[in-house]
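So this first bit is one chain, no partners, the form predicted alone, shown in structure tokens.
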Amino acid sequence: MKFQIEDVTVYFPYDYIYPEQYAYMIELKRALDAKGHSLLEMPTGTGKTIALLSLITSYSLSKPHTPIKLIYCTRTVHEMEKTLAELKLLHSYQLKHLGPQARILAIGLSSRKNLCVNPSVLAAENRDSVDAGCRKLTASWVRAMAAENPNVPTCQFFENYERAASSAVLPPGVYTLQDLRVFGKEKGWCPYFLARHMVQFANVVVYSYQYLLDPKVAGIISKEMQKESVVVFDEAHNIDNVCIEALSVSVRRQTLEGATRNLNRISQEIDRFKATDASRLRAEYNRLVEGLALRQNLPISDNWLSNPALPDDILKEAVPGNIRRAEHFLHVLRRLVQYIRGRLDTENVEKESPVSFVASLNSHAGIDQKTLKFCYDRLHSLMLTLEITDTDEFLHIQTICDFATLVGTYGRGFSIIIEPFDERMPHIPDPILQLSCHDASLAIKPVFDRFQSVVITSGTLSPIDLYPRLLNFHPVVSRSFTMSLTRDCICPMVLTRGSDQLPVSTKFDMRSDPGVVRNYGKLLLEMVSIVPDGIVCFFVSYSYMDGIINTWNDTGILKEIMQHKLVFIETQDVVETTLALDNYRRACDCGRGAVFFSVARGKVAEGIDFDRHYGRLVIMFGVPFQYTLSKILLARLEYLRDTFQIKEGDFLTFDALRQAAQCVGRVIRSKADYGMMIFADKRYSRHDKRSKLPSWILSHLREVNLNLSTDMALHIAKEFLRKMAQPHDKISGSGRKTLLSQEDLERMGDGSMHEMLY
């Protein structure tokens, strides 16, 4: 269907549109017109992705003189593929209506591991080894050697791509990662470097958050992006954590041992070069005297990770004299490693600011702040001079130089925390030094400053007013949408006590109470006997889940549950969890039904959908607060309180409830779906906790379901399932339209649209 939103003709590839999709498009257009940033919360399963894509591509088509580029950031490769599949459908629809003028180029960009087609490189097991394998075949000095000696191995795909030079382009179209690999194999070109090259010309680019937020990667990949771009962060409820991780570094004993090995190897390489080709080191020294002007014009295959500090904070001046010579730089790094090793030999937890750390480093090891700032760039220059290709072997020294550069660059918003052991296992010494960033706005600030519109969107952004404070920006549009349904297919309940009227909660003083554990077990046992198909249970942590399952096993509750349904458990091992999920799905498919035990903040809670019969009920056992004694969390809370005036309790509750909403939101993935949500903890009945849930869940949470015991919840569940089993009219049941056709949109003036949505 196609329809008008003010001056834009929107092409939408389906015959019907949900009212909330239409409202979402109107708000999104307002933000684009204002050239400002927006925060939009839209319930899961209501077609958020297609609404975004159709509006932004149509908006771009309606302004052919000033086309805008769409940069769409996802969290996982799976989400990236789903987005590109939706875009393919939309693109073919636009071509049908508009012909050749609707042509666009849209590509997904991922790491070499997902795009490489050279079998010898792909044989490596992890991402860093694939990157290094690629560098061994494509580095400029390797190719120069191969030109003289044909026995030196190179990558055929990269050589063909280089030979094709300016004719190596992608024709217009929408390319998923698979399409890029197929195209690369057909032409004999390297898909990874082709995609990297085409990013600057593409109308739509879909890639991971890190490519914009992590300065090490963004400095290489995203520096060519035009200012006239719209950046979309999808599923962005955890965006503050991604920003913080991008600027945090942790150093353990293994890192220091690895760094020492790296330094010995670099030292051998320097000696070898001195004997065979001393002019290279001299040329590098002269270049450094003139300033680090080399970085800009490197061949694409030599480009290594960029500086870990943000672009505005990097010094534009010559490298200090004391680290220009390679041997002197190695001495500085050895002293730094030695100093950190000394700091790790501590009995107590220590916390200090980067400023005092740098001062103490200067007095003990004689390394000043300016030297630290240049560590990363100087290491990069040295590795290029020494022609080192197996970069995966040098990750440890890279980490040390990352740490040094960040400590030297930033004084505020960071802390250095040294812990002699993990608090959960105090008898095992495992010292760790962490440079932890507390200010999420640091990493995202360059994105807000640089691009004209940034859209942050997800199914759980409540309370929506906290995000502008955490990320320190001013959205022009900030809205939360509810779900329009023909029937009440979501049934949230708050369970505060068991059948014996004892309160249930995972509060620290209550969680190991046998009464609570027994009531949780009884609740699950009652539910497995009446709910068909799949049930998903989320616990607050792995240790709590292990403890509860052991107790249920000892008391025989688990055996009774197994008589109704099979039980599968998420573990910290990815392979085991994937296997458990596959078998869980098989059990649901064959009608036996199953229970899946999972953990909030785990892999499953973040990315796996339990739609249709894979999830008819989700039980959230407890409130998933972070581990509140964590030193890093305490330091961050203190920073948020002092800088942004966000109270500790507010932030912790907000964080716990966005995780809970993320867990229970897994069951509804479309409007034809139905499911129940049980929040099993007495704290959810309190208004200050409950009110932080997304509005689309709250609008279905009735007063009578706020303070239930197990037997009452059982009764409500039976009623709900009976009601859902009745046939229903998909178009409209309650007089409110939940699917709009093109005629409906044309007929309605703006006023009646408004009534219908709110």
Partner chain sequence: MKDDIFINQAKYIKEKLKKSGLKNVKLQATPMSSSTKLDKDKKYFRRILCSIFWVDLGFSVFTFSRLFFPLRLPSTFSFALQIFPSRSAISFSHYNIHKTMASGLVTKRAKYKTTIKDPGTPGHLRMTLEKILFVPHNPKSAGKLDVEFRYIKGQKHTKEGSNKPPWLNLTNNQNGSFIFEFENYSDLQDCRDFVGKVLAKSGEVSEKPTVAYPDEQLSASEMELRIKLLQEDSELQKLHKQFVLSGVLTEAEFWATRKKLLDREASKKMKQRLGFKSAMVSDIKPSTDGRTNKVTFNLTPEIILQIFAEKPAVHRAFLSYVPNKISERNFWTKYFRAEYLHSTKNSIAAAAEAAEDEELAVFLKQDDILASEARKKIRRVDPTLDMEADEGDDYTHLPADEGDDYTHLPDHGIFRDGNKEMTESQNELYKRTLSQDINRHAAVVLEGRAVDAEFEDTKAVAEALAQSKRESSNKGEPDGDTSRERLDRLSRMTEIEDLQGSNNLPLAPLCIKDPRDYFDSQQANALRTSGDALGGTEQIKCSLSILEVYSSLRESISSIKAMGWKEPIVKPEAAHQVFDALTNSISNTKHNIGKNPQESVLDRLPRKTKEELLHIWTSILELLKHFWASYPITTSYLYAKVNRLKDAMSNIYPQLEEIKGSVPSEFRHQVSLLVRPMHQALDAAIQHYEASMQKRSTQSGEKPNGYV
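Rigid core here is just the name for the largest C-alpha set that superposes within 1.5 Å across the two forms. Positions refer to the first chain, counted from 1. Computed from a predicted model, the values in this text were never measured in an experiment.
Keep in mind that the form predicted in complex with its partner chain is not shown, yet the notes after this line are about it.
Colleague: Using heavy atoms and a 4.5 Å cut-off, decide whether 38, 339 and 341 all contact its partner chain in the model of the complex.
Modeller: Not a single listed residue reaches its partner chain in the model of the complex, so no.
Colleague: Within 4.5 angstroms, counting heavy atoms, which one of the listed stretches 24 to 32, 63 to 71, 691 to 699, 717 to 725 is next to its partner chain in the model of the complex?
Modeller: Careful reading of the contacts points to 717 to 725.
Colleague: May I ask you to check whether residue 569 falls inside a 4.5 Å heavy atom distance of its partner chain in the model of the complex?
Modeller: Heavy-atom contact with its partner chain at 4.5 Å: present for residue 569.
Colleague: May I ask you to check whether residue 214 falls inside a 4.5 Å heavy atom distance of its partner chain in the model of the complex?
Modeller: Taking the distances in the model of the complex, the answer for residue 214 is yes, it comes within 4.5 Å of its partner chain.
Colleague: Would you classify residue 600 as touching its partner chain in the model of the complex, given a 4.5 Å non-hydrogen atom cut-off?
Modeller: Contact with its partner chain, yes.
Colleague: Does residue 508 reach its partner chain in the model of the complex, with heavy atoms at most 4.5 Å apart?
Modeller: Heavy-atom contact with its partner chain at 4.5 Å: present for residue 508.
Colleague: Of these, 272, 78, 474, 687, which has a heavy atom no more than 4.5 Å from its partner chain in the model of the complex?
Modeller: By the 4.5 Å criterion, the partner-contacting residue is 78.
Colleague: If you check 541, 409, 457, 381 against its partner chain in the model of the complex, which one has a heavy atom within 4.5 Å?
Modeller: Of 541, 409, 457, 381, the residue with a heavy atom within 4.5 Å of its partner chain in the model of the complex is 541.
Colleague: Taking its partner chain as it sits in the model of the complex, which residues of 613 to 628 have a non-hydrogen atom within 4.5 Å of it? Please list them.
Modeller: Sequence-ordered list: 614, 626, 627.
Colleague: Residue 569: CA shift of at least 2 Å between this form and the one not shown after core fit?
Modeller: For residue 569, whose C-alpha is compared between this form and the one not shown after core superposition, the shift is 2 Å or more.
Colleague: For a quick test of reading the superposition: does residue 639 move by 2 Å or more at the CA between this form and the one not shown, rigid core aligned?
Modeller: No: residue 639 shifts by under 2 Å between this form and the one not shown.
Colleague: Aligned on the rigid core, do the two forms place the Cα of residue 560 2 Å or more apart, comparing between this form and the one not shown?
Modeller: Residue 560 C-alpha, core-superposed: shift of 2 Å or more.
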